[in-house]
Ligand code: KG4
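Below you will find one chain, with nothing else, as structure tokens; this is the form predicted alone, and questions on how it binds or moves follow later.
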Amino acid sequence: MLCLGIETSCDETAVALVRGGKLLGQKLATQIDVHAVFGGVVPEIASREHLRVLPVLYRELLAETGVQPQDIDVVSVARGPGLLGALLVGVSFAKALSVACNARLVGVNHLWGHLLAPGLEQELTFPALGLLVSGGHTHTYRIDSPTQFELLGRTLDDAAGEAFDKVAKLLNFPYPGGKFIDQLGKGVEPDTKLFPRAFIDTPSLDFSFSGLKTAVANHIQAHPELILDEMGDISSFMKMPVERREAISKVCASFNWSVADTLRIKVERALKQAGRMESLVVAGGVAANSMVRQTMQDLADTRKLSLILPGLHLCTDNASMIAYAGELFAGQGYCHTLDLEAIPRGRVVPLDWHVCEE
């Protein structure tokens, strides 16, 4: 089965081909430079960029892999959650392709795609406790199979990745700034009393990072020397006086720790409530954070669980995860009709699959 995946949920445009669980090829265009001047993603610009580059990427992918349109058996597309205008570009393109190629159409929950992505590199073992940590969502799931996800905890306000981006913006780091916080905090002993671990004093499995973000904002306001004079990269940071560099790095390490330890506490609670688990799956953009990865590894070791982490290239939005998930779903006989809807952030992605005839 040859599956084409399409990803346009936010600011990455990507297409990929997967056959038998193996990636044949992927083409990706990032919009980071386009949105960097605004300090975040502008939805209207993102939609126009998807519309401009998606057909080009599709043609380039077919040319590089030697695949003909009629060879495609399944067209899978990220249908949400995400930016509605951006999603509509991908969903519309997928519908047209499925008709033109006489291929099965499969809509993929973008969040499920992230959690299944490690299956491209290693075997997934179920039941699994899934932690999805991204710019828009911080969720935990009980995963019993590639098509059986039970939501345990969810984002109430700011997701972990959103908090990273907002704190980075306060420090005048370039967008996206989460990687700079991670880099500058590496090897620095965090001050575990500096910032709170948000929303951990209730038994809830839900997440809230707005309080942590506010605490960091208040600290930075009281210490304006922490803010970079000009939005720069690591090289400009290294030219600053030692004392100032150390203070910024301490804030980065301490914020990193507060996020990672909050995730640890919530995942431990979820493991106690979810029952016997074979593995812990951690995915999403924040799964690339070194302290989060190490914290989850320590937790998995303590609980004697197999930790399943995607490679760094699979943490951010990509089409290979959408193609892989689409192939798994189609392999179980599921598909969608042309009334497939795009689902924006804030709405639950419905399980409205059809059982397709061969």
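Numbering starts at 1 and runs along the sequence shown. Fair warning: this is a prediction, and the values are worked out from it, not measured in the lab.
The form predicted together with the ligand is left out here; the points below concern that form.
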Mind telling me which stretch in 70-78, 85-93, 107-115, 267-275 gets its heavy atoms within 4.5 Å of the ligand in the predicted complex? 107-115
Among 315, 62, 54, 41, just one has a heavy atom within 4.5 Å of the ligand in the predicted complex, namely 315
Just one of 281, 252, 167, 286 has a heavy atom within 4.5 Å of the ligand in the predicted complex. Which one? 286
Might residue 146 be said to contact the ligand in the predicted complex, defining contact as any heavy atom within 4.5 Å? no
Residue 135 within 4.5 Å of the ligand in the predicted complex, heavy atoms: yes
Counting only non-hydrogen atoms and a 4.5 angstroms cut-off, does residue 119 reach the ligand in the predicted complex? no
Decide whether residue 153 counts as a contact residue for the ligand in the predicted complex under a heavy atom distance cut-off of 4.5 Å. no
Within 4.5 Å of the ligand in the predicted complex: residues from 159-181 (heavy atom criterion): 161, 162, 164, 165, 176, 177, 178, 179
